[in-house]
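For reference, the chain that follows is the form predicted on its own, supplied as structure tokens.
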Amino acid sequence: MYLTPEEEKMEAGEYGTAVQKAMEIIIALGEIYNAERLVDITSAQISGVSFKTIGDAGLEFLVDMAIDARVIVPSTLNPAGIDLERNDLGFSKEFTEKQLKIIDAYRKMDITTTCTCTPYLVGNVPVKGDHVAWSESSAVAYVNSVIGAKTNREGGPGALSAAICGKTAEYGFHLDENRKANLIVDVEDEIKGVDYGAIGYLVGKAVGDGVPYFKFKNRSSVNDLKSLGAALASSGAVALYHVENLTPEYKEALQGLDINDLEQISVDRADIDKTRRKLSTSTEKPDLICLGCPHSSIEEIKTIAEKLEGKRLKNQLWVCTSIPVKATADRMGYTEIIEKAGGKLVCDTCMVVAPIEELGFQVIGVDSAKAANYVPSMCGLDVVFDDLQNLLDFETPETKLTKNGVIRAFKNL
């Protein structure tokens, strides 16, 4: 693999041991994938943040790197295993202390500790054609597909190394010829809500690490595409997809190809409904509803607040999001509405990477196909996958009257 004189100096250790170690990782990855050269990147998004996923070995590696490593491009972190500010969620002291040490190590490397899987909602926004090094699967799918920047699905150490050197190996989706579609998906019915996650899960299973090209009957929002990409990446290994007449590279995706040579599948309402049922492992009412996988946008939080206003929840509710988006929700009054209903806005973490299995919950309600796919295996809990309005369980006036009557009865004893 060709290295410039500057890159050779980095590999030789002239810029310090941290840069040298990072360059060695980048070069090794490039050689594995037959890259011819390195390319400059404009940003990084780094996974390997939750203590639940990286453990003591990962913590030790990061503490060691933080001694003299510093990133040279704008960089953000994936979700951690806890909310970094609130302490009322029930996570153990030992887990919390180790998680905070991980965040402190990243902070010392000048990485922005926003801890979110939606970096494009908090200022880490490349432009079409930029080379970046992102690692969280749903964020990779979004930045490749919806924004049109170029990244492979980096591992945590690879993305960190790229951020330290400002470079990554040019292979895979950094090359235009690898961004062509190889499967056409014709969705026969109009869809909405969790249908996008169900379709993503179904197609991800079929295409693996391929590049699907979707034909939808209705126009999709960015939140819809966020859900679609997250599901594609979790059931398969999809890092790039195209949507006809919508995503920035949909025209280039088919250029030079004979459509008749491409595999084509059709998805109808029966397929979608079957997949929706398959993603639930329980028929019980969830005792905890977890939303925000990927992290909720301000528009999604607004919708949640509108459904909760003036009501009271029976089941617990976490709305997972980033600190910047929560600040907006605070100002708009959405946080107050959600908390009055009995819910919580939870930042920096999510139901997949947090140790929720230690908190006594049995059934988790989710509107994310990614969460429905991961929670049973990573947390050992049952899930109910459905649209939000079907997950919510509200107190009725009769319930409130019964509670008040019991309280009064005890006071009169």
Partner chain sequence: MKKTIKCRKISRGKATGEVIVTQDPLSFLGGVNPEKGTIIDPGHGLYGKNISGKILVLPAGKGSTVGSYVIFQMAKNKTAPLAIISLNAEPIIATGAIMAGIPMVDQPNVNILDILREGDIVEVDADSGIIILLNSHK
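Numbering follows the first chain given and starts at 1. Just so it is clear, the model here is predicted, and its values are computed rather than measured.
Although it is not shown, the form predicted in complex with the partner chain is what the next lines describe.
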query: Joint contact, 24, 48 and 53 to the partner chain in the model of the complex, by non-hydrogen atom at 4.5 Å; finding: yes
query: Residue 156, heavy atom within 4.5 angstroms of the partner chain in the model of the complex; finding: yes
query: The partner chain contact in the model of the complex: residue 388, any heavy atom under 4.5 Å; finding: no
query: Heavy atom of residue 58 within 4.5 Å of the partner chain in the model of the complex; finding: yes
query: Contact label in the model of the complex: residue 66 to the partner chain, heavy atom within 4.5 Å; finding: no
query: Location of the partner chain contact in the model of the complex, chosen stretch of 26 to 34, 363 to 371, 380 to 388, 345 to 353 [non-hydrogen atom, 4.5 Å]; finding: 26 to 34
